[in-house]
Ligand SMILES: Nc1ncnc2c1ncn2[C@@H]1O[C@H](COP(=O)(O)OP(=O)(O)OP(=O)(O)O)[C@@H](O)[C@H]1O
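In structure tokens, the next block holds one chain alone, the form predicted on its own.
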Amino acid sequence: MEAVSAEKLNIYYNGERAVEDVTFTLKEGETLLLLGPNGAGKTTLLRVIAGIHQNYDGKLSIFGKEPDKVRDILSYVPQSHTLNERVPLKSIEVVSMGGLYRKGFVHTKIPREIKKDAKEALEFVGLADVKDKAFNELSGGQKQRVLLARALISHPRLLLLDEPLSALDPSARAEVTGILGKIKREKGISMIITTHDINPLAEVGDKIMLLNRKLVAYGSPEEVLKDDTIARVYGPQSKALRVGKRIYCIIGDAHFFKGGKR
């Protein structure tokens, strides 16, 4: 089944076209890595798929329905969380917010069944031991995993993640990437992940989209990561190198992708 299907999708902001002519399909259980420079429209596309921004034309369906009709089966984790860290919320309370929101409860006292689900979600992301610790006392990597747990508590079929590895140190990036791999292996949730550095996410990406205000390329790593394709987005200094069964995509002198045949 198709998790996401877009055909000739154009997205508008303030009367101007921000993203144009995007056509792709993502099968259920697949992970898409959405790559492009700043201002390419990655977050804009993610917000439209999430049903947050609705000024678009063309065709877009999520599991066969319009985005605003499937909010109960998708979870969206923005690049910057909106939690007020001056409020001393415990980690388990942050995770429980996902369950409270889905059921329409007011956050007064957390129902027992939601607290149970929150504990299980924290265990899944490897943070059972911080459930009673204040969210604002956690490390950056721990915060990101708590936010992933909050997204998972509602058992989504589609998970949308905007730059989940940004501002994390290498150790924390490895921790979060490990959880994303676990989500893929054990839960089979479809995922769309925006990133500026796809190397850490090599093991979870089935498809890659290169976006620069319009669709440049979409397909498997082998189909997309080619010299001429990458150069259209990042300039002539960008190269794709194949070493054995692996592809190395060098973007400038900082970022590269390391993938392989599956």
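Predicted, not measured: the structure shown is a model, and the values here were computed from it. The first residue of the shown sequence is 1; numbering continues from there.
Keep in mind that the form predicted in complex with this ligand is missing from the display, and what follows is about it.
Checking 59, 232, 196, 226 against this ligand in the predicted bound form, a heavy atom within 4.5 Å turns up for just one residue: 196.
In the predicted bound form, at least one heavy atom of residue 40 sits within 4.5 Å of this ligand. Residue contact check for residue 93: none of its heavy atoms lie within 4.5 Å of this ligand in the predicted bound form. At a distance threshold of 4.5 angstroms between non-hydrogen atoms, residue 213 is in contact with this ligand in the predicted bound form. By the criterion of a heavy atom within 4.5 Å, residue 139 is excluded from the residues contacting this ligand in the predicted bound form. Note that among 41-49, 202-210, 59-67, 215-223, the stretch whose heavy atoms approach this ligand to within 4.5 Å in the predicted bound form is 41-49.
Each of 14, 18 and 163 places at least one heavy atom within 4.5 Å of this ligand in the predicted bound form.
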